[in-house]
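One chain comes next, on its own, written as C-alpha cells: the form predicted on its own.
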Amino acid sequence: MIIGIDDTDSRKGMCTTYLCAVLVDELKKHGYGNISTPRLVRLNPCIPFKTRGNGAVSFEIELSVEKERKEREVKEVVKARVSELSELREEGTNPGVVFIDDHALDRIRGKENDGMLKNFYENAVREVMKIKNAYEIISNLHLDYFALKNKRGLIGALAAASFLVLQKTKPNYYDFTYELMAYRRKERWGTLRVIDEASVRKSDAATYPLTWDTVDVANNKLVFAPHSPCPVLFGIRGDSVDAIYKAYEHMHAEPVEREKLFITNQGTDFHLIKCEEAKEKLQDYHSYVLDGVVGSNPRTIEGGHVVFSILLSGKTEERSIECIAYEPTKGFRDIIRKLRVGDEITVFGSLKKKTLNLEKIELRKLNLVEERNPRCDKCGRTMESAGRLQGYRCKRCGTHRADKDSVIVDSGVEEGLYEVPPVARRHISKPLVRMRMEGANRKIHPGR
C-alpha cells in the first residue's frame, strides 16, 4: 500500500517530512511490514498559499500476511498521527492523506490510468491545481482517503503518491536526488539551533559536489538549516547517499531525535515549463524557460532589486516581459547588471504579475558592438549630431561623418549559464553543479 500525505504544517511549526518520519518509524517498530525509502515531492513553488517549501511525502508499506486487517490498522495509525501532529489550529493547514492499496495499483497498471497519475503529478509541480482535480482521480480509481478542514492537502498527497507509483514502474524516468533530514528533540523546537559551523564547512568541502546547497561559500552562510520553529534541524542534499552520510557523520550539532533519508524531486528543475511547451499566454504562478533578447538596459530599483525587459521569441502572446533579480540573490545581480540591449539570452524563473522572478540565466550570445558618435579625424573630439538624418559634425573643425562608429566593447561577463546563490535557491531548482556533473555541453558558472 502506498500512502501520500500533505499540508500538515504551518509557518509556526511542524513539518510534513517529520510526520512521515514518525509514521515510518512507528510502523516499523510494530512490525507492520517492509517500508520503502519515503519520497519528498516539491510541488509548484509559485503557489501563493503554500507554507514553506510546498513539500508532500509518500511511502510504501508491504503487508505480507493478513493484508486486509493490517491495512485497516495502518490506516488508523496514519489517521491518528495526522490528526494529532498537524497544525490544525492554523488557518492555512488543511491535511490530506491518500491510500493506494494493491487493488488500486492493479487498476493503475493499465495504460490509461498510469497516464492519469503521470499527468496529475506533473501538473501538481507545474500548474495551479484545484481540489476537484484530485477528487476526480480518487473517484475514478476508487482510492481511500482521509482529509481535514478544506481538504486541500489531498492535491499534494495524491501527487506524492503518484510520484512513488511512477518511480516503481519507471525508476529512472524522472530525475531525482536525495535528502537526509535530521530532526530536533521536541523540547528544543522553537529554540536557536546548535550547529558547529566549522564541522559543517569541513563536511561540505569533503563531499561537494556530490552533496550541494549545504554552504553558500560566496555569501559565507550555512544554508542547509531552516530558520523556522519546525522540527527540522537540517537537511543534507545530494546525488550520492554515501556522500550524504559521510557529510552527516562528520557534522557536530545538538543531539537529534531521529533522522530519515528521502528520495526527492528537489534540485531537478522539474517545475520549469520550456519555451516550446509554453502556452500562447504566459500565466502567473507558473515557471518558465524563455528565449529572447535583452530589450532594455538593467536598472536598480528601490530595495536593491535589478530589473530589465526581454523581447521574447517563440509563440507566446506577450512580445516582452520584465525580469527581476531580487536583492536576496546577492551577487547574481552583478551578472544581470552587465547585460546589454541586444544580448541573446534564456531566462529561467517564475511569473508573477507578468514579471519573471529569475532563478537562472543563460547568456547565449553577447552583443559586444556599441554604436557611438564618431570622433573627428583632425582633433579627436567626439562629433555631435548635425540634425535629424544629417549625420555628425565637429563644431571646431567643421568635419562631417554620415554614420556612427561601431566599437567593440568588453561587457565584463562571459557567455554561459549563471544561477542565484544557494542562499536564494528554491528547493526544486537544479544547482548548476548538477548540470556540470551530468556533462552538459554548455559553459557553466555555479553560484556557490
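From 1 onward, residues are counted along the sequence shown. Here the structure is a predicted model, which means the values were calculated and not measured.
Just so you know, the form predicted in complex with ligand ATP exists too; it's not on screen, but the next bit is about it.
**Student:** Heavy atoms within 4.5 Å of ligand ATP in the predicted bound form: which of the stretches 304 to 312, 77 to 85, 256 to 264, 154 to 162 has them?
**Tutor:** Among the candidates, contact is made by 154 to 162.
**Student:** Kindly indicate whether Asp6, Asn44 and Ile47 are, all three, within 4.5 angstroms of ligand ATP in the predicted bound form, using heavy atoms.
**Tutor:** Verified in the predicted bound form; spot residues all in contact, yes.
**Student:** Should Asn123 be classed as touching ligand ATP in the predicted bound form when contacts are defined as heavy atoms within 4.5 Å?
**Tutor:** Asn123 belongs to the contact set for ligand ATP.
**Student:** Evaluate Met129 for contact with ligand ATP in the predicted bound form, applying a 4.5 angstroms cut-off between non-hydrogen atoms, and reply yes or no.
**Tutor:** Met129 belongs to the contact set for ligand ATP.
**Student:** If you check in the predicted bound form, is Gly416 within 4.5 Å of ligand ATP, heavy atoms only?
**Tutor:** Heavy-atom contact with ligand ATP at 4.5 Å: absent for Gly416.
**Student:** Look up in the predicted bound form whether Gly53 has a non-hydrogen atom within 4.5 angstroms of ligand ATP, and give yes or no.
**Tutor:** Close contact exists here: in the predicted bound form, Gly53 approaches ligand ATP to within 4.5 Å, heavy atoms only.
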